[in-house]
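The form predicted alone is given below as one chain in C-alpha cells.
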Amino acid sequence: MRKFDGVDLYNLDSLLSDEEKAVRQLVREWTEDNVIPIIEGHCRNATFPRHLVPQLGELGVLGVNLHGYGCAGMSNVAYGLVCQELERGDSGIRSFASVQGSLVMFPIWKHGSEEQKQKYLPKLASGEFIGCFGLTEPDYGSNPGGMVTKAVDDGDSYVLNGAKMWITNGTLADVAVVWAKLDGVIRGFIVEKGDPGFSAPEMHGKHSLKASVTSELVFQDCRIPKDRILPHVHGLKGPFSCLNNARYGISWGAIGAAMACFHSAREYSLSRIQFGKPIASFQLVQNKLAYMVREITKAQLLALQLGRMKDNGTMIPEQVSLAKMNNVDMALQIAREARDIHGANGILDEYPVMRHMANLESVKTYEGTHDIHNLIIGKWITGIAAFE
C-alpha cells in the first residue's frame, strides 16, 4: 500500500502553523513506523503495546497542550493533530494518550496543589507513570452525578468505598484520579497503585478496543493521605472540565480513523481488478470515495475551528459535543463504506478497516454517548434539559 500522505482537499495546511505541521508530521511518521506494523497483532491477542509508552513520552505528546512540569506547552490544535495521527494507528493508542493528558494530567495541572503538580506531572509527561480516570460507575454512566462512590474523612486520611467501570489504563495505572462524594459533594482524589483497599482488575471479552486495557477500579476501605485530594475544585465541574478536554481530542482522533479507512479503500479500489479494470473506475465506488473525502473535509474544518476557539478561550461545551458527536459518527460511517469497498477482504486484519470500525463503536459511546451529546445541543437550542 502506498504511504499515507494525508487528506487535504481544502488546503487546511495553509491554516496551520509551522510548529503544528511539524508535530503532526513527527507523530505521523512515528505511528507509521511503530504502531501500524504491530497493532493488528496486539488487537488479535487483546494486548496493549506498553513498550510504546516511553516513546510517547520522548515524543512529548503526553499532556502536549499543558504548560510547565515537563509538558510541551503546544497549542490545542497541535494536540488535536497528535490525536488524529495516533488514532490513525489505533483508537487504543489515542485513548491512552487522551486519558494520560486530558483526564489525569489536566485535572492535576488545573485543580491540584503545587506539591501534587511537582510530584506527578513530570513522571506522567515522560511516561514513567501511567494514569487512569475514575468517574463512570456500574450503575451511573450518562448520569455521573448519581455516583455512589464515597469518601469519608477519617482524621489523617480519606477512606474511599465504591467501584468504577470501563476505565482505560486502569490495571496498568500507577496513578488514578478518582471522583467520589465527600459529605455529598463530588471531589477529586489521587489514588496510587498499592494503596491499601485499591484494586484494578482488567475486563476481558471485548470485541472493541482490543489493543487497549480496560478495567474496573474497586475501593474497599481504601485509605489515602489527606494531601491527595484535589484542593481547587468542587462538584461536577471538575470531571466535566476533564471530559471536555478529552472529547475535544476525540473529535480530532476520529478524523484519523476515518483517514485510515479512506486510505485503505482508495488503495484497494485502485488495485482490485474486476470486469477487466480497477473497481475505482466504477461510478458507485467513486461515489463512496467522494463521500468519504466530503465528510472528512467537513470534520477537519469543524475540528480546526473548535481548536482555534479553544486556544483563544471562547470554546463552549456545546461546541465540543457537536464536534465529538459529528466526527465519530462520520468516521463510523466511513469505516462501513470502506468495508463495503473491500468486499469480503474487508473483514481480514490484513486491512485496518474492521478494527477501526469496531473501535469506533466504543468511541461513539464513551465520553458521552451520541444521544447524550444530541441532548446537550438540544438544551442549548431550547433551554430545556431533556435528560433530567
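The first residue of the sequence shown is number 1, and the count goes up from there. Only a predicted model underlies this, so the values are computations on that prediction, with no experimental measurement involved.
Although it is not shown, the form predicted in complex with a small molecule is what the next lines describe.
For the marked spot (F4, S269 and H356), a heavy atom within 4.5 Å of the small molecule in the model of the complex is absent from each of the three residues. Heavy atoms of H263 never reach within 4.5 Å of the small molecule in the model of the complex, leaving it off the interface. Shown alone here, N244 lies within 4.5 Å of the small molecule in the model of the complex, counting heavy atoms only.
Contact annotation for L135: at least one heavy atom lies within 4.5 Å of the small molecule in the model of the complex. Proximity of A180 to the small molecule in the model of the complex: non-hydrogen atoms within 4.5 Å are absent; the residue sits far from the partner. Screening G197, P278, P144, P122 for any heavy atom within 4.5 Å of the small molecule in the model of the complex leaves a single hit, P144.
For the options K237, R294, H207, K226, the one in contact with the small molecule in the model of the complex, meaning a heavy atom within 4.5 Å, is K237. For the small molecule in the model of the complex, the listed stretch (96-104, 70-78, 279-287, 300-308) containing residues with heavy atoms inside 4.5 Å is 96-104.
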